[in-house]
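Starting off, we have a lone chain in the form predicted alone, written out as structure tokens.
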Amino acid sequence: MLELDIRGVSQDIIGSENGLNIQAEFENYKTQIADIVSDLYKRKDTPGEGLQWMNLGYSQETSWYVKEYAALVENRFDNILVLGIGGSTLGGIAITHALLKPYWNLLSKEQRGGYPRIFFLDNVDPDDINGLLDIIDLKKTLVNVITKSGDTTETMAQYMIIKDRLEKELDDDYRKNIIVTTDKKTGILRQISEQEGYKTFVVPDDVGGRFSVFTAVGLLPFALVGINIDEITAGIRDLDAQLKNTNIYENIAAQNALIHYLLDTKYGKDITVLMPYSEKLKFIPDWFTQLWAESLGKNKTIEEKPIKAGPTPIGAIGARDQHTLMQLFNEGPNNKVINFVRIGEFDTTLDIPQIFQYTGIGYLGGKTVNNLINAEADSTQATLIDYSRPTITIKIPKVDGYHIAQLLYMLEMQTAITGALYNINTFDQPSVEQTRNYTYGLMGRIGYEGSAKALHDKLEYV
């Protein structure tokens, strides 16, 4: 099970100018936290609240359909190609990188246990798309198109390109190479899927894209490459049993939410750093960046009062970013909360040979790389404490489906509770929609001519 070490934000450790009296703050907010947690669980089944993601660990029907389809297409494809952007791909990238063998796509089929390679197209860079299409055989590729709305500009542009090429190479058989994950009833992609006869999977109602990794959005690609999705859902359920607890002293998501809220609003720590000490977890910060930024970056409260909410998320990886960001973290503005993610047990051990014993690097001999990365993490946290910088450590026993699911689910719950503390709508993203409207107008979508004109008026050089 996950553990949360919050001693690094205590005023006893980093001083009263930058640290919290944790016991006093927990007492001050224990009733409000209890009300927030209770309210979230009371509202999670209410349509329109955006909280159905809290039920995904219990969605056995989705898991069954996903596993059934994965078994049906086993050994039929060499590649899985996921088309999407944002919440449609960030979680999938993070978890497949964490749970598959390192350098998965470079391994032989035998080394992959017979499972296919997996690729994600999560942008519309022409060089990147052309480069990938130049090296994979589309005839042997299963393409998973993911967009809940069914008309996400970037994803549908990717789909149109891939569909056209598949049809030219496979004639009418191209439909067997395309599967779709989208809204159950509405949207352009739902209409296309019914017309084309594609196999489809559903993004449930009231699950926003950034909270969708444990729907078919993530579970389907995971199952297709052999990841045990039952282990993932079991991890969520077991942690959820703890996060239902309204007692802040027993609820790690509530603790971390309150700490970040207080350090922002009382001490000006308006930057949240997530820094795993594991290469397997290197894409978790990308997923968290969208979750934290899109959920908390709001300019009005639920009552429509002005507010400037939202700590800015930054991703870092230890030990690499000790050599890129640590100077700033230590001596720059003291406006950050650094969240370490530490691994209890790595999958392998790597010895450092006992050579060069009579030189300045001889001290490394006989140690392990495991020793080294843990020493790097300990040293980094100690240095941050020396500079009175608040730190938090999230500990996971090992990198497996059970614990990675718990890590992501804890961060989702933490985000929901933090949003409630700010008294904002955590589950909308109005300014993102405005950007989409401008793009629709510039690309000539009917009905958005006004958006194009407004943009041209504001940016005369466009």
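Please read these numbers as outputs of a predicted model, since none were measured by experiment. Position 1 is the first residue in the sequence shown; the rest follow in order.
Missing here is the form predicted in complex with a small molecule; even so, the following discussion is about that form.
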Which residue, N374, Q322, S193, S149, has a heavy atom that falls within 4.5 Å of the small molecule in the predicted complex?
-> S149
Is there a heavy atom of R210 lying 4.5 Å or less from a heavy atom of the small molecule in the predicted complex?
-> yes
Though only this chain appears here, would D264 touch the small molecule in the predicted complex if you measure heavy atom gaps against 4.5 Å?
-> no
Hey, in the predicted complex, is G87 touching the small molecule, heavy atoms inside 4.5 Å?
-> yes
Is there a heavy atom of Q52 lying 4.5 Å or less from a heavy atom of the small molecule in the predicted complex?
-> no
Per contact check vs the small molecule in the predicted complex (non-hydrogen atom within 4.5 angstroms), the hit among 412 to 420, 62 to 70, 33 to 41, 429 to 437 is 429 to 437
